[in-house]
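Quick setup: one chain, the form predicted on its own, written in structure tokens, and binding and motion questions come after.
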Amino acid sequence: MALGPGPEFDRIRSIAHRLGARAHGLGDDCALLPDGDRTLAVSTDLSVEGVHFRLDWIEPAEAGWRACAGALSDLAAMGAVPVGVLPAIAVPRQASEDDLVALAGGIGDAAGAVGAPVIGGDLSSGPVWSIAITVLGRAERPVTRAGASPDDGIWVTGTLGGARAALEAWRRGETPEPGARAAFARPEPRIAAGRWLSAHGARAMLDLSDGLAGDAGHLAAASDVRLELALESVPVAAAAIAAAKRLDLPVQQFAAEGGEDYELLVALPSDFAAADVREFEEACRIALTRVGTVKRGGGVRAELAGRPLTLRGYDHFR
């Protein structure tokens, strides 16, 4: 699996090189294992206090929900149905049992919202809260990042930039507006949307954990194509508009560069039309917006109002 650019993915490439033949399928949203006439999808996701969340910004239950939703979003990106969740939690020694129970309850609430039981896990101590969530799912037609073809359309679900708007407010010492706070603290894994798109011809798909700016490059690399993005079409969360103006950024750029929206980026066939969009939106109750086209070549080219614009996605090691 080819990966996009960036220090985080340089490290993954180094790990893959060291593992050699012992590594298989690295770089997609989930590992895929044959399971009769279906496929077992498995993923794990790590959420660390001070890196992914702060408990002076959100409550322990929200930290648990958020960590679990991020892992479940990987299943959504494969078109999988969740069947189980296993959390491994490192608890600071000074933390109360009430906070631990609340955090675990948030994990259970997120899992329960998509019909997945908590089926095990692990508990330890550590210097800060650390939440590793392993998710299991089954997919009848798993969708990887590697299937996009020239002339496919590039689409995104929902709206972008809400989580970043909350983050920017907290960094200024302010209280985010409710919609932005919810986008950050209680993201919704797009399980139903992923299943619908898988069943209706999705060629390639991934979730937007690192933002459209970062994740578009991974889809392009995995599929060995170029993505041409028309940023004026990016669906912007209402909360992101004022936040972008504060930073003197175009709102579409602000939204495209924001991470952890956990929407889906998907390549669909060129004949996917308005009637299909209406069917999706009626079934899934969220928007589906075309933001670009797949071309021959490599990398990502983004334009805003006809002018090229260089985007920066989130990278843990930048």
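What you see is a predicted model; the values in this text were computed from it and never measured. From 1 onward, residues are counted along the sequence shown.
Same protein, other form: the form predicted in complex with another copy of the chain, not shown, and the subject of what follows.
- Remark: residue 93 counts among the residues lining another copy of the chain in the model of the complex, judged by a heavy atom distance of 4.5 Å or less.
- The shortest heavy atom separation between residue 141 and another copy of the chain in the model of the complex exceeds 4.5 Å.
- Residue contact check for residue 176: none of its heavy atoms lie within 4.5 Å of another copy of the chain in the model of the complex.
- Taking the partner from elsewhere, residue 45 is found to have a heavy atom lying within 4.5 Å of another copy of the chain in the model of the complex.
- Here is the short version: of 182, 101, 199, 238, the single residue with a heavy atom within 4.5 Å of another copy of the chain in the model of the complex is 101.
- Note on contacts: among 146, 192, 230, 128, the single residue with a heavy atom within 4.5 Å of another copy of the chain in the model of the complex is 128.
- Only one segment in the set 163 to 171, 220 to 228, 129 to 137, 149 to 157 has any non-hydrogen atom within 4.5 angstroms of another copy of the chain in the model of the complex, and it is 129 to 137.
- At a distance of at most 4.5 angstroms from another copy of the chain in the model of the complex, all three residues 14, 26 and 31 contribute at least one non-hydrogen atom.
- Residues of 77 to 98 placing a heavy atom within 4.5 Å of another copy of the chain in the model of the complex, in sequence order: 83, 86, 87, 88, 89, 90, 91, 93, 97.
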